[in-house]
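A lone chain, given as structure tokens: the form predicted on its own.
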Amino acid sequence: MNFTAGLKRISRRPEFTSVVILLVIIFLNALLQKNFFATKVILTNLKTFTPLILISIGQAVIVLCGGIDLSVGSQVSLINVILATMMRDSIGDSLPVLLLALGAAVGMGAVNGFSAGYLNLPPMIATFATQAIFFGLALFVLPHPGGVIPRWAVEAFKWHVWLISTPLVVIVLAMLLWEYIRRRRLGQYIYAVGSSEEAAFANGINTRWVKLMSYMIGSFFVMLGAYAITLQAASGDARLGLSYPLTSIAAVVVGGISLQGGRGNVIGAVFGALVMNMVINLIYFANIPSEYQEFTKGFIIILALAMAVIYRRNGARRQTS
């Protein structure tokens, strides 16, 4: 009886569907890639998956507060070109550049948060506009692909002891940081504003400030994702991040987070990001012809999104009935 009740409780969690979808895709990947569970393959996949995982965490924080950020890709690009053009061979000389990238990330988040919170602009329109601005700045810094990342930084990202690796440590620290925020008053406010901005305001919450902070926190996680992809690419490209806005939003939805805000867990976005990445793996090892790969990818993602949405709707109906 207790087992059945526990199972029902788990199945009602918002990220449950993403876990099920992820397990299915992992099973299919393991069938197609015989060494899928080899240590080297796991480390390679984890390193490749890290940027989207971190960016999706940032997107999730913003969505939980009732917003959305179409500029995350341009933020990644701007941070990438800053690092690629300014980092130096010594750690000491590179520290100011890392702080500059942090300042740029927080500044971009502040611009988005001020637009959505204090200017009351629709988040989708505001961030659609700022993504063009940030992308333009990235092109100004580095018009053509180039630049270089110091060897010490690239090697630091490759560090590992068995399955304990730099990407895994960064992801765990990012999750712990969010968990710390979630348990504080700000985290509660983010959920409250996302659930009902009017009710939150009526209860004395400064909703504008909370929106501002949600975008700044989101951009911090996006910055971590930008670091991860930059250290893998070991160079700069202003177009490097352009695929991330819609992919991160899809990861958030697959992860059980409501686009209306206030419902879901950031861990779900991590599972959703893993699903998005695993889909690409699945297509590659299934030897699908190149002309059909994008179609297949889109079809699988639509199927995953539909499953997540239908399951949540059915769960909501069961709770109200």
Partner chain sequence: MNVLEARAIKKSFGGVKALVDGNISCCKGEIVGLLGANGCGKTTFSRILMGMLNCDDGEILINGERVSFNSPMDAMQRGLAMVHQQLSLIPDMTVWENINIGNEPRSALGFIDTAACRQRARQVLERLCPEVDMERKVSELSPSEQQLVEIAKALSKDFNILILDEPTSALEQVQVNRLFDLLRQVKQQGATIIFISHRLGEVVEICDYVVVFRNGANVGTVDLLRDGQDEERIIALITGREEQAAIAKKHGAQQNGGGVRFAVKDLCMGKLRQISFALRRGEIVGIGGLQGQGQEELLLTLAGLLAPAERGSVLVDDIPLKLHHPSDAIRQGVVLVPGDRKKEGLFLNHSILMNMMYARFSLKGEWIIPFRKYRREAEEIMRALSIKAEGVDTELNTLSGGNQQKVVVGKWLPLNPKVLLLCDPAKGVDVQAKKELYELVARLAQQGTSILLYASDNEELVAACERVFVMYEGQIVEELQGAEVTEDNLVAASLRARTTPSTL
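All of these numbers come straight from a predicted model, not from anything done at the bench. Residue numbers count along the first chain shown, from 1.
This protein has a second form, the form predicted together with the partner chain, left out of what is shown; the following refers to that one.
Establish, in the predicted bound form, whether F134, G236 and R239 all lie within 4.5 Å of the partner chain, using non-hydrogen atoms for the distance.
Not one of the three qualifies.
Considering non-hydrogen atoms and a 4.5 Å limit, does the partner chain approach H144 in the predicted bound form?
H144 lies outside the contact set for the partner chain.
Close approach of R185 to the partner chain in the predicted bound form, 4.5 Å, heavy atom
Yes.
With the cut-off set at 4.5 Å between non-hydrogen atoms, does I205 touch the partner chain in the predicted bound form?
Contact check for I205: yes, within 4.5 Å of the partner chain in the predicted bound form.
Verify the contact flag for Y191: yes if a non-hydrogen atom of it lies within 4.5 Å of a non-hydrogen atom of the partner chain in the predicted bound form, no if not.
Although the partner chain is absent here, Y191 would touch it in the predicted bound form, with heavy atoms inside 4.5 Å.
Just to confirm the contact call: exactly one of 164 to 172, 108 to 116, 67 to 75, 177 to 185 touches the partner chain in the predicted bound form at a 4.5 Å heavy atom cutoff, so which is it?
Stretch 177 to 185 is the one.
In the predicted bound form, which of the listed residues (S195, T130, Q232, S94) lies with a heavy atom within 4.5 Å of the partner chain?
The residue from S195, T130, Q232, S94 that makes the contact is S195.
Option touching the partner chain, based on a heavy atom within 4.5 Å in the predicted bound form, out of A156, I125, A199, L99
None of the others qualify; the residue that does is A199.
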